[in-house]
Ligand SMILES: Cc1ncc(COP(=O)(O)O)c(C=O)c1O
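First, one chain by itself in structure tokens, the form predicted on its own.
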Amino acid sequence: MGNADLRQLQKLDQASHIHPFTNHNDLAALGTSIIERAEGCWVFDSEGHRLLDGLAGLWCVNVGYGRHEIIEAVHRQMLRLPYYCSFFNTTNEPAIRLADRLSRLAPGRLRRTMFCGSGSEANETAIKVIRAWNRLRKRPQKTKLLSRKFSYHGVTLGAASLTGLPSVTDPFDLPLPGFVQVPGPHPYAANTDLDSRAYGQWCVEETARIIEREGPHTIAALFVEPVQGAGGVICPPTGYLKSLRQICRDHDILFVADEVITGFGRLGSWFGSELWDLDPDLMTLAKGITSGYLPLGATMLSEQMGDELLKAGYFAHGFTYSSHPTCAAAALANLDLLEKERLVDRVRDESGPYFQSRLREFSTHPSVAEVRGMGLIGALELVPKAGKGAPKPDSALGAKAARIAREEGVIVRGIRDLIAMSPPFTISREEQGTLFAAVRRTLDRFHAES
């Protein structure tokens, strides 16, 4: 692309396009980066830069870019039936086959699936399903929803109200009434002297106290990411999730596993719920279900809950693009690749352990205060030369380091005072070496400039 064409596109973008999760003052000053093409673990921008995508798009391009198997499946489906709805006693073959496949892949009692277009919609669907189910059971007072500090569940009204990040809630006067926040197991941010296991136990105990304060009879569900992704790659301490799950059982509170990021192999298991034996009542999915090739989300329900909802008759929820045949075809091809190439096993046995060992080499770097991660997801908490202060929601250390990393040829995500990484499952050891060499250069420059 020529310089004149690039400047024209940037001008058009600035005049007409509102970017999600973007500081538009910075965008106006720096100009838009336009990604033109991608292959494997690499993306190429309009200025001729080749960048290693250390974030897999947005935690989602699990099988890497340019997979012809998915592209061809989408093409075939578009030629045959590009779209039809699943309203009014009608659906399509790819949606049927995908729902069946998920029922066989999913952990525990999860057997019924409702499709949508995103993780936000999947969680919004879960909220409505939970309310409808309790109404059928003549428990209309069970409406309150619990979620955790540093959680991310989406940006629609209900999903954003679940989200425990002030940057997502405060500008929109959220959360709505009936959403209750409990502590997230993040001892670093809490500035506590407790180790991770002891702090996790305190979080469980505080959650129990909040439930008693609110009244268990008023609480419908707890939403939990097995690993809190966009909140900062917060991994659960030993025993924490098991105890949290038991509290829900003890108080007749539904347990919702938000596996939008962790589903489909990122932790080295098909679902994070399997790693901690969570047996969720509902599970929400997106991202890795199609590896981001097309938008698709899903809300899975236990067989009992699904049967009770369906026996009630007319179910007035869904979207124009629910069960979209082309998106379902992409998902089926994506799942074929994950299984055929044993990519989930590869994350568990090879690329994940190697990634974690390389990530932890930065634990002694003067700009790194803490290293977190598991499988193919990780984060580095950053500190300036002056040392660690109390984490602040408006801090920009992560964004600064992410900009440096891009100059060094890799894409990472800046969140508060940290950078996060989650590369495609197909990343080779050599490419991991490229990623971590660039991260080291980034940290060295960050330290020198901070």
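All residue numbers refer to positions in the sequence shown, first residue = 1. All figures in this text were calculated on a predicted structure; none of them were measured in a lab.
We do not show the form predicted in complex with the named molecule, though everything after this point is about it.
- Among 334, 367, 323, 120, the residue placing a heavy atom within 4.5 Å of the named molecule in the predicted bound form is 120.
- Checking 380, 145, 267, 260 against the named molecule in the predicted bound form, a heavy atom within 4.5 Å turns up for just one residue: 260.
- Heavy atoms within 4.5 Å of the named molecule in the predicted bound form are found in exactly one of 343-351, 148-156, 191-199, 324-332, that being 148-156.
- Among residues of the shown chain, residue 225 is one whose heavy atoms approach the named molecule to within 4.5 Å in the predicted bound form.
- Residues are counted as partner-facing when one of their heavy atoms sits within 4.5 Å of the named molecule in the predicted bound form; in 267-299 only 287 qualifies.
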